[in-house]
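Here's a solo chain for you in structure tokens, the form predicted alone.
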């Protein structure tokens, strides 16, 4: 079976590495500006057809499908992909997750509407399109707030924290207009957790234990699973959220839900229709990694066990050069993405496994300190 992946970054790389032992073959669509360095040698790297901007979507879909060597299934490694192309590709093969799910997650306004529609809790929010609407939204919500563009925002990009009227004035004076954005009331959360879920085409589901995450500058720095101190009330909320989301979206593959915990209450922050950075620990920490389970789901294979033996952690390598010689330990595993180093760029990660939660957290902290000591 051949899998076509829209995108050729590190997530595509790790999907392919997980799929090779299953006998799967891969082709990757490189959009303009993509180097393809992450996936070289792992399958056919295909650039967007020349003149694709002027093509009818049906013509483009046919060319893409053919150039990807006519895959049996097409999937995505990111949400910022042309959804109209995904829809047109359904004429030729299965496309998972469904483009409708990708479209929801592409736009924060649509995403918040979906979350609200399934009855899940989230921070108060208002969608705005003009400076006047932004001012009114902040007046209604009250400071502090965070303003996020509805599209093209990830890893802290296109997000602005505002604590005072002065912050708002400075923001408005720095631009002629604003694009569609979500204004959210900033909540005082005790921690951030994520849920990594998987659903097959026949409705079978599986989920990994909740993962606790730590961010720096809006970018994930480290994760620990299973998240500690999940009491009965929070566990029930997690189960309810899982059922509400998966029960209201025609989804196949891995889906990630990022959440805040506020006074024991679970608030949804974002959805990601793909394998997720906070699930990288599953490569060594779970019976089946998120990458293999995504492939199993979209290929119609039985889902793998999500059982965790002991505890697992992950440290992102952000704009730092680390070698296997320094990263590897008896219980630490090094993953590099074959990317050049730039400030805050995700160039790899280290997974750690341990049978003791406290010792796991100490090793995570020590690893972070050693890497980011400057």
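Being a predicted model, the structure only gives us computed values, none of them experimental. Positions refer to the first chain, counted from 1.
As for the form predicted in complex with adenosine monophosphate, it is not shown, yet the points below apply to it.
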Distance check, residue 189 to adenosine monophosphate in the predicted bound form, heavy atom within 4.5 Å | yes
Does adenosine monophosphate come within 4.5 Å of any heavy atom of residue 109 in the predicted bound form? no
Handout entry: adenosine monophosphate contact at residue 79 in the predicted bound form, heavy atom, 4.5 Å
Key = no
Residue contact check: residue 148 to adenosine monophosphate in the predicted bound form, 4.5 Å heavy atom:
yes
Only hit among 258, 98, 133, 180 for heavy atom within 4.5 Å of adenosine monophosphate in the predicted bound form is 258
Only hit among 269, 277, 284, 207 for heavy atom within 4.5 Å of adenosine monophosphate in the predicted bound form is 269
Partner contact check in the predicted bound form: of 232 to 240, 134 to 142, 87 to 95, 180 to 188, the stretch with a heavy atom within 4.5 Å of adenosine monophosphate is 180 to 188
Near adenosine monophosphate in the predicted bound form, with a heavy atom at 4.5 Å or closer, the residues from 205 to 239 are 215, 218
